[in-house]
Structure formats: structure tokens, C-alpha cells
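Only one chain is included here, represented as C-alpha cells and corresponding to the form predicted on its own.
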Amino acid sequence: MMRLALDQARAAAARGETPVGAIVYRDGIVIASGANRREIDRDPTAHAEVLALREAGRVLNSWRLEECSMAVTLEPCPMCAGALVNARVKRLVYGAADPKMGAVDSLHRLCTDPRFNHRLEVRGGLLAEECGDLLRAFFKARRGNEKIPKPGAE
């Protein structure tokens, strides 16, 4: 599932968006996917995770995603971590840590905070190097006007 999330992240990069991708799945079956669209949609909430959760809710006809998991290429921010808790997602797997905005392990532990009425199983660091490399290459290209990696290119 993380490889599919990476595909979404590469597609975001090709559109000039920060390369973050997310997949919502249940029992090994993809329910929904998302990639950052903040620039295109001019929407500060158009993060990959939020878009994937919205699509999953429509597909399953419920905001409760209790038996679903999410794979995302970057540790979720406070907004996305809160959305995962509110959606009652069962499990989160993320790639690269985010020391500046990460609210799952880096700066906060919103997904496992015992004060909330729901907690997720969390596994961080899956394909972290590959996820981080994609982000670093994207921002390096933006600073230096270098070519941004195309979807599927490695």
C-alpha cells in the first residue's frame, strides 16, 4: 500500500504539488486514494490524507472508517492526524517522519493520545528513505528549478 501511496505522491509532484500520497484500504483492498491538491484547489485542507478520507467516506457511505487503514508517505500534520482520529481509522502506516509538522510521533502523538475517545495503531518509517528522497528531490528542484521526478520514475 505504501508503494501505491508513493505513486500518488509522484503524481502530485508532477502537478507541482508537494509530493504526499495516501491510500485508504480495508482487508488489503484499496478503498480510496489521495494526493496533495492544495495549490490546484487553492484549499489549505486539500492534504492527501483528508482527500483520501473524504473519498473513502463516500465509497463506504459512512464517515466511520473503523475497519480501514491508511498508508501515507509523510507523517500526518495536526489537521490530518485529527481527521484520522475523528474518522475512527483503525491503523496508520506512514513513511517519512516530519520533524516540523508531524503530529503522530514527531511533535505530538495525537493518534495514540489516551485522552481521546479513539486511538489508532501506528507504524512509522515504512519506506521512509524512499518517501523522504521524493520530498527532498521535489524541494531541491523547486529551489533550483531542476526537473521534478515524473510519476513512476525512480
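A quick note: this is a predicted structure, and the numbers were derived from the prediction, not measured. The first residue of the shown sequence is 1; numbering continues from there.
Below: the form predicted together with a further copy of the same chain, not depicted.
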* To do: Mind telling me which stretch in 84-92, 25-33, 66-74, 119-127 gets its heavy atoms within 4.5 Å of a further copy of the same chain in the predicted bound form?
  => 84-92
* a further copy of the same chain contact at residue 110 in the predicted bound form, heavy atom, 4.5 Å -> yes
* Is there a heavy atom of residue 104 lying 4.5 Å or less from a heavy atom of a further copy of the same chain in the predicted bound form? -> no
* Can any non-hydrogen atom of residue 96 be found within 4.5 angstroms of a further copy of the same chain in the predicted bound form? -> no
* Structure fact -> Contacts from 43-59 to a further copy of the same chain in the predicted bound form (any heavy atom within 4.5 Å), listed N to C, are 43, 44, 45, 47, 50, 53, 54, 57, 58
